[in-house]
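Only one chain is included here, represented as structure tokens and corresponding to the form predicted alone.
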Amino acid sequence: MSDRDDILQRLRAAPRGKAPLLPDVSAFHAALAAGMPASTPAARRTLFCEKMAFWHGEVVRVTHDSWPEKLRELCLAKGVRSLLCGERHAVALRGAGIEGLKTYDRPLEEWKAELFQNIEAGLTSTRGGIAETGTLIIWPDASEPRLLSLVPPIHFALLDARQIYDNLFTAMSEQGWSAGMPTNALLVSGPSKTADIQVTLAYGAHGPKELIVLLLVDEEELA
């Protein structure tokens, strides 16, 4: 008998104890919420912006109609000469007259060289935001792959203000993550950063040097 078989045999022969009780995560978060001020959309937006700024991310408030034009202005201000986006946003951005606009419309293998050498900014959608930590929730898919938010030096992200949640648990619960998870769920707080070298925090080492969140709000909220 091998050592492996001996160990497995002893494990199978060991007396069975009671199954451990699973933690009641819902009750835990309900208790936390009970001891805090009531959550409001305005408070979540404010906290999200504060936390995102702490992580060196930038938040720009825009309306659902004006964001393509604002993105054009940002690209001009930052000297962006090439912007890559998914097909779902291509029509709106073409209408805004963004120069150097490219649409992700080919297999990933055909994009790799251009992504790493010529694309200066990428635009992605988001599934929501987390106020508690200033975090974006991104679910890459075939139309907006992970490289779109990982490779270009500047990452623009669209976030609907109505989809900012108090915390990750609330986002997962209200969006029904248990019904189906993607192959790759991303939680992004600010631009890329690392402290691997001499424990000194550096930005842009393994991804975008800048993260600009286009926060979609109603017209009256821009006043």
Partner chain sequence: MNTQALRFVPASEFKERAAAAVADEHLRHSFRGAMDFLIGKRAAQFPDPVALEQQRALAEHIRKYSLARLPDLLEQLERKLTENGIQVHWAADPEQANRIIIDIARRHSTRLMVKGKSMVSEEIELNHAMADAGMEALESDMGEYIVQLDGEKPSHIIMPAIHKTKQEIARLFAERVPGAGYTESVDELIGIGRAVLREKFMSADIGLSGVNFAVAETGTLCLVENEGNGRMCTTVPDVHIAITGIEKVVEKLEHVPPLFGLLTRSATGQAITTYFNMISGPRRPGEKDGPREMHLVLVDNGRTQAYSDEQLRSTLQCIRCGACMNHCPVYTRIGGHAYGTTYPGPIGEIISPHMLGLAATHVLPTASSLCGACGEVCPVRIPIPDLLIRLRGEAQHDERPGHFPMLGQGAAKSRVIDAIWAGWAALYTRPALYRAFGWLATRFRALTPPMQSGWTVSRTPLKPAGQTLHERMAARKRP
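Quick caveat: nothing in here was measured; it's all calculated off a predicted structure. Positions refer to the first chain, counted from 1. Between two forms, the rigid core is defined as the largest C-alpha subset superposing within 1.5 Å.
Although it is not shown, the form predicted together with the partner chain is what the next lines describe.
Participant: Tell me which of 61-69, 177-185, 156-164, 35-43 has residues with heavy atoms within 4.5 angstroms of the partner chain in the predicted bound form?
Facilitator: Result for this chain: 177-185.
Participant: Using a 4.5 Å cut on heavy atoms, which of 146, 78, 127, 102 is close to the partner chain in the predicted bound form?
Facilitator: Checked against the cut-off, the match is 146.
Participant: May I ask you to state whether residue 133 is within 4.5 Å of the partner chain in the predicted bound form, using heavy atom distances?
Facilitator: Contact with the partner chain, yes.
Participant: Check residue 193 for me: does it contact the partner chain in the predicted bound form (non-hydrogen atoms, 4.5 angstroms)?
Facilitator: Residue 193: contacts the partner chain in the predicted bound form.
Participant: Look up in the predicted bound form whether residue 197 has a non-hydrogen atom within 4.5 angstroms of the partner chain, and give yes or no.
Facilitator: Yes, contact at 4.5 Å.
Participant: How about residue 73: is it within 4.5 Å of the partner chain in the predicted bound form, going by heavy atoms?
Facilitator: Close contact is absent here: in the predicted bound form, residue 73 is far from the partner chain, nothing within 4.5 Å, heavy atoms only.
Participant: Which residues within 12-27 place at least one heavy atom within 4.5 Å of the partner chain in the predicted bound form?
Facilitator: The stretch touches the partner through 12, 14, 15, 16, 17, 20, 21, 22, 23, 25.
Participant: Could you tell me whether the Cα atom of residue 23 shifts by at least 2 Å between this form and the one not shown after core superposition?
Facilitator: Result for residue 23: no, shift under 2 Å.
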